[in-house]
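Below you will find one chain, with nothing else, as structure tokens; this is the form predicted on its own, and questions on how it binds or moves follow later.
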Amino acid sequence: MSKEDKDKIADEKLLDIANKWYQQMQNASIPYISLPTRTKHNIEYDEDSEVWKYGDKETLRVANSSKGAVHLLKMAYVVGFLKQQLKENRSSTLREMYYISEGWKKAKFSAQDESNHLVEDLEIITELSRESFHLRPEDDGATIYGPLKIREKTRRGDRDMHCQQDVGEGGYPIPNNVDNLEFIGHDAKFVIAMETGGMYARLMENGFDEDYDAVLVHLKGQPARSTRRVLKRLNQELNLPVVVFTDGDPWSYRIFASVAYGSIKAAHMSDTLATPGAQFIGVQPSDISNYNLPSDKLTEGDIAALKAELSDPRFDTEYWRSEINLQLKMGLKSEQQAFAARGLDFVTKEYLPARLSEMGIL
């Protein structure tokens, strides 16, 4: 489908929202929108797509109060702004849209979280991604390094890049709209996605990508949508196994969950963002004791987060229940770079090869 056709569909979807409000008022009804309730109690496992999606619980936002009316007013302003952006073939960041709202008087956003949330509402209603409306996040710096050749469509034409031979030590920066990438060749056997830049640099320096034909992906903490989309495509289109390597704490387990199962916040995008076959390689709570890793005591916040994960349906497996309960019993957490206590080569020569073999990837 051409860019023009995609823009036309996006424009029509936005217009449909305004038409529905108009029809509601013509029928003497107070304007409203209906959206899925976005909590962990309203996500369900979809067996066909093997991802977590929103369930049947819904929240109504009705203009029958000052708060409800202002919310729909803000949505109307955003719809108008995005339609104009499509018409002019312009794009903007989420941050820029937030500042543009300064001139919208009563429709002005009080914080960027509010404007981001509203854009997510529009994605749910239209069943399109924010990139379809030419909206993009700020550059998050996530990168790829390894035996992968890509073709990127840019404003200046197509550009071919080999993610080992044609990039520096920082790797290839993942663009905002990864559907403009084409994978044109690879010699990879699997993908390993890492939470921290330190571990990404360690694997690169130790030549892990060459020794094991691995594509290295730096998640840069909680991964952006573009990063999750790249992982999904590498797994789906190239049939490459994906493993996720994070710190051993509850917040890092949620990083893995967002890659493998989809995030609660963006469950409406799970089909395109989640990689159901992704596996957690570590740091496992059991690794802390098995390898005697340097560790820190769990904080009250950590303990509360782990207990919350025990009631999160995405972690409702024997493996995760066992590991989380073990961690609560130990009262400890550890970082992935703690393996350096066993030597700078230990993680790439010992730990990862052993875990990858155990998981059936090597």
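All residue numbers refer to positions in the sequence shown, first residue = 1. Since the model is a prediction, treat every value here as computed from it, not as a measurement. What we label the rigid core is the largest C-alpha set whose atoms superpose within 1.5 Å from one form to the other.
Unshown form predicted together with another copy of the chain; subsequent notes refer to it.
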item	value
Candidate stretches 273-281, 67-75, 238-246, 162-170 - the one whose heavy atoms come within 4.5 Å of another copy of the chain in the predicted bound form	162-170
Interface membership of Tyr99, another copy of the chain in the predicted bound form, 4.5 Å heavy atom rule	yes
Proximity of Arg228 to another copy of the chain in the predicted bound form, heavy atoms at 4.5 Å	no
Distance check, Ala340 to another copy of the chain in the predicted bound form, heavy atom within 4.5 Å	yes
4.5 Å heavy atom contact, Asp312 to another copy of the chain in the predicted bound form	no
One residue of Leu148, Ile255, Leu135, Met204 in contact with another copy of the chain, assessed in the predicted bound form (non-hydrogen atom, 4.5 angstroms)	Met204
The single option of Ala354, Leu15, Met25, Leu344 touching another copy of the chain in the predicted bound form, heavy atom within 4.5 Å	Leu344
Non-hydrogen atom within 4.5 Å of another copy of the chain in the predicted bound form for each of Lys87, Ser129 and Gly301	no
Those residues of 190-228 which, in the predicted bound form, come within 4.5 Å of another copy of the chain by heavy atom	Thr196, Gly197, Gly198, Ala201, Arg202, Met204, Glu205, Asn206, Gly207, Asp209, Glu210, His218, Lys220
Threshold 2 Å Cα movement between this form and the one not shown at Asn235, rigid core reference	no
Flag for Glu210, CA shift 2 Å or larger between this form and the one not shown after aligning core	no
Flag for Tyr98, CA shift 2 Å or larger between this form and the one not shown after aligning core	yes
